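Take a look at this single chain, the form predicted on its own, given in C-alpha cells.
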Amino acid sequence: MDRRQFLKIGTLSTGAVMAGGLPAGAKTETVKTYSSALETQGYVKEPARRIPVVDKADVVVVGGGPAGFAAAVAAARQGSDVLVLERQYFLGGLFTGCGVTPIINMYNPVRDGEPVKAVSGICEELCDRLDKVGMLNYEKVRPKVDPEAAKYYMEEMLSEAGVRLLYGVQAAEILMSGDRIATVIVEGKSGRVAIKADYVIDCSGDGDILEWAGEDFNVYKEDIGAMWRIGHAAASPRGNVTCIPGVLTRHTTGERQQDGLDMYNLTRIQLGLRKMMWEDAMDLRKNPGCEDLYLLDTPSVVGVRITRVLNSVANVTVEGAAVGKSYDDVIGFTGGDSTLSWEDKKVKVGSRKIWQVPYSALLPKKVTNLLVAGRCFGFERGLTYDAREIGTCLMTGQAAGTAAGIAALKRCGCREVNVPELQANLRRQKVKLDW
C-alpha cells in the first residue's frame, strides 16, 4: 500500500452471537469486540454463529499473572467457585514468563535504617513457601524468586484453594446484559466457546475486558524489554545472582516508548530481543573463564510494561502516593521504588513513603460486576513504574479477589461491597492496611 490508513475497529452490537436461541422475555446481550489501531486492507463479514456455553463460575478471573493468581486464591477462600482463564500454559505472566522475578515494591527502599514491608498477605505467603525450599533470595529490598519454583507453588496454592484453571485460552470478547458482564467468549484448542460469569476480575494486564465493557481508560506507551538467564556463569561478573549456583539473570530496558497493543510491533520487538540475547551470550563466552557459559532461557512472553489503564471511580494520584495520602477505603499498601515528579517537586527513592491504594481505584464507573487489578487499575501516568510492579499486582489482586468473593456471597454489585467489612476481611488475611 502506498498510503497507510489507520482505522479504529469499533464496537459492534448484535443479538445474533448467542449461546443458543433467544427465549421470550430474555435480555439482549451486547457483544463487545476488540478495539485496536491497525493498518487495514478492507473488511470481511464474519457470519453469525451459535457459541456453546461450556462453563460457568461465580468469579471468572481473566489472566493468571501475579494479580490474577492472588485474586483467584482470595476469591476462592471466600467460598466462591473461581475459574482462571490464562492464555499461556503457566501462571505468573511477566513475573515467571519474562524473568521479572524481583518482587519490587514488596518492601519500601530506605536510605538509612531498615526497609519497611509494604505488601504482605498472599505475596508474603508465596515468598515463605519459596524461601523454605531455597528458591528465594533477597536482592537488597527485592525478594527474588526462581521462576520455575514460583510457577509450581502458584499452581499449588490455586489447587489448595479449590480454584479451577484453564490454560491456553484467550479471551476474545464479552457479552453484556445491561450494566453487567454476562459471558466471556474465549478461543483455544477446543474452538470458540462461552463461559458464564457472575463476577469478572480483569487481570489481563492490558485491560482487555474493561475496554470491551465500555469503560473509560488511557493507553500509555513504555519501554518493552526483557530479562533472561545465563547458565554456567559463575565466572561472569555481569548479571544478577539467582537462587541457583552458576545461573545469572540479565536485563535490557529495550526499546523506548513502544506500543504494547500492536501485534506487528510486538513480533518485531520479540525477534530483535531474541537475536540480541543470543549474541549477548556468545559475546560473554569470549571473556576469560566464561568459555562454557550458555544461554539458559529467554522470555516466554514479551516484556510489555504498560498499555491500558482504567479511569476508575478514583484514580491514585502521583501527589497522593508521594505524600502518603490516607484513604478511607484503603485495601493495601505498596512500596516506592522510583523517583516521583509532580508539579515542580521530586521525591527520590530514598525519601519515598509506602503508599496506599483505595478500593475505588479498582472499581470501574459503569459495569457493576467488574473489578480491575494488576497493572491496569486506576492510577496517574506518573505512577506507572510503581503501580505495575509485581508486589503491587499481588496486593491489588488479593483485594479484588476478596471483594469479588464478598460480592458473590452478598449478591451485590462491586461498588456496593461494604468497605469496612472488606477491610476487616483483608486484615484477617494479614494484609497491611495501617501505618
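So that there is no doubt, residue numbering starts at 1 and follows the sequence shown. What you see is a predicted model, and the numbers here were worked out from it, not measured in a lab.
There is another form of the same protein, the form predicted together with a small molecule; it is not shown, and what comes next is about it.
In the predicted bound form, at least one heavy atom of Val169 sits within 4.5 Å of a heavy atom of the small molecule. The small molecule is not shown here, but in the predicted bound form it comes within 4.5 Å of a heavy atom of Arg305. When the small molecule is considered in the predicted bound form, Cys290 lies well away from it, no heavy atom lying within 4.5 Å. The shortest heavy atom separation between Pro102 and the small molecule in the predicted bound form is within 4.5 Å.
Segments offered: 120 to 128, 340 to 348, 204 to 212, 188 to 196. Contacting the small molecule in the predicted bound form at heavy atom distances within 4.5 Å is 204 to 212.
Although the small molecule is omitted here, in the predicted bound form all of Gly65, Gly92 and Gly225 have a heavy atom within 4.5 Å of it. Gln88 is the sole member of Gln88, Thr298, Thr249, Gln78 with a non-hydrogen atom within 4.5 Å of the small molecule in the predicted bound form. For the options Ile390, Ala403, Val372, Val60, the one in contact with the small molecule in the predicted bound form, meaning a heavy atom within 4.5 Å, is Ile390.
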